[in-house]
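Here's a solo chain for you in structure tokens, the form predicted alone.
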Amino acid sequence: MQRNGKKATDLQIAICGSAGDGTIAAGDMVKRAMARAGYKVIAFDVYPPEIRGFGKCISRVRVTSEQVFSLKPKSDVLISLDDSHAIPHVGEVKDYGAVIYEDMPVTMVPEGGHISGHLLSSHLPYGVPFRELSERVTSSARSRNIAVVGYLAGLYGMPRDVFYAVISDKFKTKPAVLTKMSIQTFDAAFEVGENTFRLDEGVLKPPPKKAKHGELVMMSGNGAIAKGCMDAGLDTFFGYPITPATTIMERLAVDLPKQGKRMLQTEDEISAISAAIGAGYTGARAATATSGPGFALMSEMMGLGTMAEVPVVIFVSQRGGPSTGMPTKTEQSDLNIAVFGAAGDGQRIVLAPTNVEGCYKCAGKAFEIAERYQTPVVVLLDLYLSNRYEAVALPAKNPFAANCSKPVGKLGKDQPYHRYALTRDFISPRAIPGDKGRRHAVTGLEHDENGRPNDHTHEMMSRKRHEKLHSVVRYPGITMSKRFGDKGKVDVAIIGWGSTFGEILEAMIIARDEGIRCAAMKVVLLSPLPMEPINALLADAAEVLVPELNYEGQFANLLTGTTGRAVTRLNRVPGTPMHVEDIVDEIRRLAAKKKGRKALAAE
């Protein structure tokens, strides 16, 4: 990677093995150590779908000195802990990339079973006796994954001290001898790597200066959601386990009781959303988290939250669908249900962060927005973003407000309280049960300003529930949309949402380096859409490209239906993140199409 004429650090490592090999743990050590050293890190782990002790695991870690926004389609280094699982991924190693593998297996290897026989002529092999290194120190092969980490660190000159700290943290609850032996294994393998003549071109330059403000923390998207919830003052969380949202609940189960708050695992998703709405009705900050199948079950109660104007936050981490689909594969196919999934006209607010830092901000701001607009707020993630790790600079000061409800104020002696009073901004002053002199009715039926069932007010109240949401596009402290790249007229505009925007941004940078005038826009607020900046970009663009991880082009449909502008769709459903090169190829094609039209017009 060249930045400002200098070669910067850009090293992507893929570790592949079987469940039980310590593959994910090895990747975790690398990403945490390099983040601690001050590098930018993006990481994503792939787990087997089976809930058993076997199956393929892959940990990918991209370490850079300059900010990047996605994983690379090809890794610089592939480390095999299990050749049967790693062999299919040999083609994902770049030309002149390194392949590191066990060169002293303890059993006979069947023909074609060793990874060395599958390397391309452009690959650089590094055979290492990892099992022997582990057994020499610990008399066991169980530390083989730590030997892998040590060899990698020695080979590329990674700082030892940060790995010592990460290993010590990992085993701090275990007997001290385990930490000592793990560090000894790391050191033995480090020395082997350090004394190996390295053939590949991977460069590890000194890390950039650490940020002066805020704390740099390695966290996943789900971890950032949990942190945002805690900093926003979440009072109570109700949930039911479902991949890939479960870790949100698991983290809050540990963190909430420490602050005297509560987490309850309910019997199903319907109970979870019902309890969360009930808690929101009482004035508590309440939330739940689920994935597509669970969110489908919540749709009826979401309608109640909208009609009753009760604040609640729902985190939805998408996976391959429909039905139970592909629980351990990523997809962006729950946009339709998030925006439209309700009986009647039940518009709600939908936010979709594009990176891990955005998960933290959207999580905290979702509670403010839910209170301010008295409505359910959906925060859409996906498996890729939920499980992706990034080094995030957390703010030094808590950025979230404790209470954003519109107060009732003082009422006259004979002045009744109207829970659903019509106001200039269509947001009613909100009282909670127990407030003296603020008795009111709440129902899922259409109602009047007092909350009493009344069919004749339906048009008036429908307008109230929709009109109050318009100003959310200007809600402070959160980016609802943002344009990147060239200003003014462009050949190609790329519009995206959610985790795919990282790949979009990388593709735009490559295209601009090739001389193509292009711009990219991330849209965080998916309902209601921020129409002003979107229309401004569309007016500047000769061609519009919308890449997303679903088959139907759900966001493209939303854009086209709202703006009337035809767009080019780039839809993929492989269960994995979109490839940057696929987006770049489409940008090139559209730019050439525009150039061809211009040449034809000149004739």
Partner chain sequence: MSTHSHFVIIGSGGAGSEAALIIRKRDPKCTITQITGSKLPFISRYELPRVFDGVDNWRDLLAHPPEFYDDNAITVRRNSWVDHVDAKNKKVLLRHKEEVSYDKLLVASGGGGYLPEGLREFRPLMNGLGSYEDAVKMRQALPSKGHVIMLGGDMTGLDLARTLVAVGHKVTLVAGEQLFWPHEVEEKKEKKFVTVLEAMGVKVVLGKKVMAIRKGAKGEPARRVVFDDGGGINGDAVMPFCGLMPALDFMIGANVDIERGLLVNPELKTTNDSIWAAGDVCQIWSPEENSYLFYYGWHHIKEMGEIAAINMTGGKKKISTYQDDHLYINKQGDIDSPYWMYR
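For clarity, every value in this text was computed on a predicted model and none was experimentally measured. Residue numbers count along the first chain shown, from 1.
What comes next is about the form predicted together with the partner chain, which is not displayed.
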query: Among the candidates L124, A141, A393, I510, the residue which, in the predicted complex, approaches the partner chain to within 4.5 Å (heavy atoms); finding: L124
query: Among the candidates H418, K482, H114, K406, the residue which, in the predicted complex, approaches the partner chain to within 4.5 Å (heavy atoms); finding: H114
query: Contact segment among 189 to 197, 393 to 401, 243 to 251, 159 to 167, judged by heavy atoms lying within 4.5 Å of the partner chain in the predicted complex; finding: 189 to 197
query: The partner chain contact in the predicted complex: L204, any heavy atom under 4.5 Å; finding: no
query: Residue contact check: P175 to the partner chain in the predicted complex, 4.5 Å heavy atom; finding: no
query: In the predicted complex, L120 touching the partner chain (heavy atom, 4.5 Å); finding: yes
query: The partner chain contact at V106 in the predicted complex, heavy atom, 4.5 Å; finding: yes
